[in-house]
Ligand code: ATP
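For reference, the chain that follows is the form predicted alone, supplied as structure tokens.
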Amino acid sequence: MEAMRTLLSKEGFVEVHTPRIIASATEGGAALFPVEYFEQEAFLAQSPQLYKEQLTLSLEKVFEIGPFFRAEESHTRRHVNEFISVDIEEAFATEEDVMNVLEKLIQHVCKAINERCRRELEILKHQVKVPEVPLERFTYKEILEELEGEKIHVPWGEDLPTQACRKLGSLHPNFYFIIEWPTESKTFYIKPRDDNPTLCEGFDLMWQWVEIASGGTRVHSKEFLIQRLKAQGLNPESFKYHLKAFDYGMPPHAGWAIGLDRLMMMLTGRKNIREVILFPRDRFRLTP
């Protein structure tokens, strides 16, 4: 985190802190933990997404490192219900701009770990390879074709199942981006491409078979964002305070979020995300 803060601050990003207790979902589809909040119902935040977008209006380049919560019942080696997220959002930027920041950050962190944590890496019997940048980029279409060649069929528009990801991990043993996802597969605030609206300006950063980060260019038109909300079955009224910020002229912007605990798995060579969290919280674990 120290290495991340150093790099992001050097790149002109301002560290911010957004609420953990919220009134409505910041993303469609992600399950929320309800909270008794005096006479109202509230929820634990699963992302700083809408807040960090709004903050680009005044601060232009922001980042946040902090805990977030998802009430998903997934019980795998890479899922927990409380996790640390590293987020950025940048005004007057595109997906390519923030992908450049992301790969620069990953390279910087790997270098810092190699320089400062040699003894720890020896104890872990693990080596951290510093990636060359730019990282490889594969389109969603190319990935599906590659999987078909390995006799793994993924229907167009669907997310990649674990079996497919594991195969990709054996084919691509380092970091790589998956770009040009189908618009229908990404959340409402990811911007569709101007030249082909069926595809969007969203991306995932993969390390072997694990998704480390995701992001993209955001929708910055209020009218179009309302259309996107309705298209995904979401009620614009639930997002009225976010939409209000757009009345002041939301700049074009882009950003991403890294799952810090998943990155820690890569940096330490661990196979289970619980091994890199001091006090993990998953579906079955609430103590100590």
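Numbers for residues come from their place in the sequence shown, where the first is 1. This structure is a prediction, so every number in the text was calculated from the model and none was measured.
In what follows, reference is made to the form predicted together with adenosine-5'-triphosphate, a form of this protein that is not presented.
Engineer: Looking at Arg228, Arg70, Lys61, Lys222 here, can you tell me which has any non-hydrogen atom within 4.5 angstroms of adenosine-5'-triphosphate in the predicted complex?
Structural biologist: Contact check passes for Arg70.
Engineer: Exactly one residue in Lys104, His79, His126, His172 has a non-hydrogen atom within 4.5 Å of adenosine-5'-triphosphate in the predicted complex; which is it?
Structural biologist: Contact residue from the list: His79.
Engineer: Find out whether any non-hydrogen atom of Pro48 is located within 4.5 angstroms of adenosine-5'-triphosphate in the predicted complex, and reply yes or no.
Structural biologist: Answer no; every heavy atom of Pro48 is more than 4.5 Å from adenosine-5'-triphosphate in the predicted complex.
Engineer: Report whether the minimum heavy atom distance between Arg262 and adenosine-5'-triphosphate in the predicted complex is within 4.5 Å.
Structural biologist: Arg262 belongs to the contact set for adenosine-5'-triphosphate.
Engineer: If we define contact as a non-hydrogen atom of the residue within 4.5 angstroms of the partner, is Asp159 a contact of adenosine-5'-triphosphate in the predicted complex?
Structural biologist: Yes, contact at 4.5 Å.
Engineer: Report whether the minimum heavy atom distance between Tyr176 and adenosine-5'-triphosphate in the predicted complex is within 4.5 Å.
Structural biologist: Contact with adenosine-5'-triphosphate, no.
Engineer: Based on heavy atom distances of at most 4.5 Å to adenosine-5'-triphosphate in the predicted complex, which listed stretch, 53-61, 251-259, 232-240, 35-43, is the contact stretch?
Structural biologist: Going by heavy atoms within 4.5 Å, the stretch is 251-259.
Engineer: Where, within 212-229, is there a heavy atom within 4.5 Å of adenosine-5'-triphosphate in the predicted complex? Residue list please.
Structural biologist: Those in contact are Ile212, Ala213, Ser214.
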